[in-house]
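What follows is a single chain, given as structure tokens, in the form predicted on its own.
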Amino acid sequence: MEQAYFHSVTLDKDKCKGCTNCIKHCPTEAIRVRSNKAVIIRERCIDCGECIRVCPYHAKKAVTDSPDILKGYKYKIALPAPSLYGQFGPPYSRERIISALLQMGFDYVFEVARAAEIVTQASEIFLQSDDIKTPVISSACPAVVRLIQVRFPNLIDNLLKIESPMEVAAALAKQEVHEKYGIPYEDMGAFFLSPCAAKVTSVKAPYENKKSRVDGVLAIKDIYLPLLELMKKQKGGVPEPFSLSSAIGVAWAGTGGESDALDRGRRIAVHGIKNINDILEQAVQESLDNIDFIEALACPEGCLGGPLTVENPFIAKVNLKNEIEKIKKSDAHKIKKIESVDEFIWKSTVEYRPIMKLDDDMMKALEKMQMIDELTEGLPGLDCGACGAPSCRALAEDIVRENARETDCIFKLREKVSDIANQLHQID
């Protein structure tokens, strides 16, 4: 059974101006503006972070762990997402970044890119199965998995049920530290350095397993400046031990990295939540029969454009490309080969999270659906957002759910005021 749904995206009401920017961009219509403040509908939110990105007042934020969480563990392991490397320009190589993480207080660094290499192999084995449902949809982006849960339940069986590189990295890192140094597992803490809010949610309420192997999530934006300062002060060579990953794993940070690494079938890479919405609509309509694999990343330019990053995603893309080219020219990193995919298969199941359920009683639900249709017909159909809902139909649903009134629509309010004025005039 799936765990209760935790949310990492929250609202700072003091900063919110009720501008309605967020309601127009939310892919699941999870936000309303009521009494001049945004309200996030928990059941609908997929923690994609789109509202964080578009809010001009920075009223939306992601709840991540404070660096103080490190103090609770004797041995601290950093799990840097490959998107971290794109945040820094050419002078700041991967070696320097990892060295700075060790200076920052971490005892060990295990690149998530190394786990991405293994997940790539596991995915290739999985895709060779005859009974898979195509197109197979990548499950590496938690926001996409949640989007499928709430809006496209027919595609749940299409999800690639292989653990994410983050989870695999946490497991391998702890195993490696235990075998190398004899550190007890209970003394270790593995901390993911994240570009996005959705990863926080997937750690607090995982869909791959009953409990995440990651012990905390730090936002890249929170460690960026301390890392930069440490790198500026670095002198001499780069300390060992750490094994740098290959270009395959590092490339996962950007759009196309995962799908390009796969060696079979027709593959497409989609980024940006609106584009993913459109592609999944096509998949539901079974108009993607000639596509075998869909790489779907909710953020623009993939994880490089995550709301918890610092650098412009297009500049980050160039930075990452520079690093990948350097890797290809260096000595080849030995990718750990796997024989079986079984240990990487999900231990839990993803379930449909209905967000349109109007009533437990089927007849009442049908009656409410009819009421929504009738109300929608009576509204202007402009989807202007002035009422605080993203569309006229969303307002109609809110009215039926008793969360709004018809006069929240300024056109309906004007009609009512006009009617009252006419009535008063007739009385005179």
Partner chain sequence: MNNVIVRDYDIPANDFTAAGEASSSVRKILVQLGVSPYVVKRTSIAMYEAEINAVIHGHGGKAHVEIDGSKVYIRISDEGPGIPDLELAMQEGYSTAPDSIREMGFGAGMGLSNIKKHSDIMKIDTEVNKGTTVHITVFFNAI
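Note that this is a predicted model, so its numbers are computed, not measured. Positions refer to the first chain, counted from 1.
This next part talks about the form predicted together with its partner chain, which is not shown.
Exactly one listed residue, out of 229, 343, 281, 263, brings a non-hydrogen atom to within 4.5 Å of its partner chain in the predicted bound form: 281. A single residue from the set 185, 352, 181, 314 has any heavy atom within 4.5 angstroms of its partner chain in the predicted bound form; that residue is 352.
With a 4.5 Å cutoff on heavy atoms, residue 310 does not count as touching its partner chain in the predicted bound form; it lies far away. At the 4.5 Å threshold, heavy atoms of residue 370 reach its partner chain in the predicted bound form. Contact check for residue 106: every heavy atom lies farther than 4.5 Å from its partner chain in the predicted bound form. For residue 224, no non-hydrogen atom is located within 4.5 Å of its partner chain in the predicted bound form, even though that partner is not displayed. The stretch that touches its partner chain in the predicted bound form, counting heavy atoms within 4.5 Å, is 360 to 368, out of 66 to 74, 379 to 387, 52 to 60, 360 to 368. Using a 4.5 Å cut-off on any heavy atom, the residues of 135 to 174 that reach its partner chain in the predicted bound form are, in sequence order, 151, 152, 153, 154.
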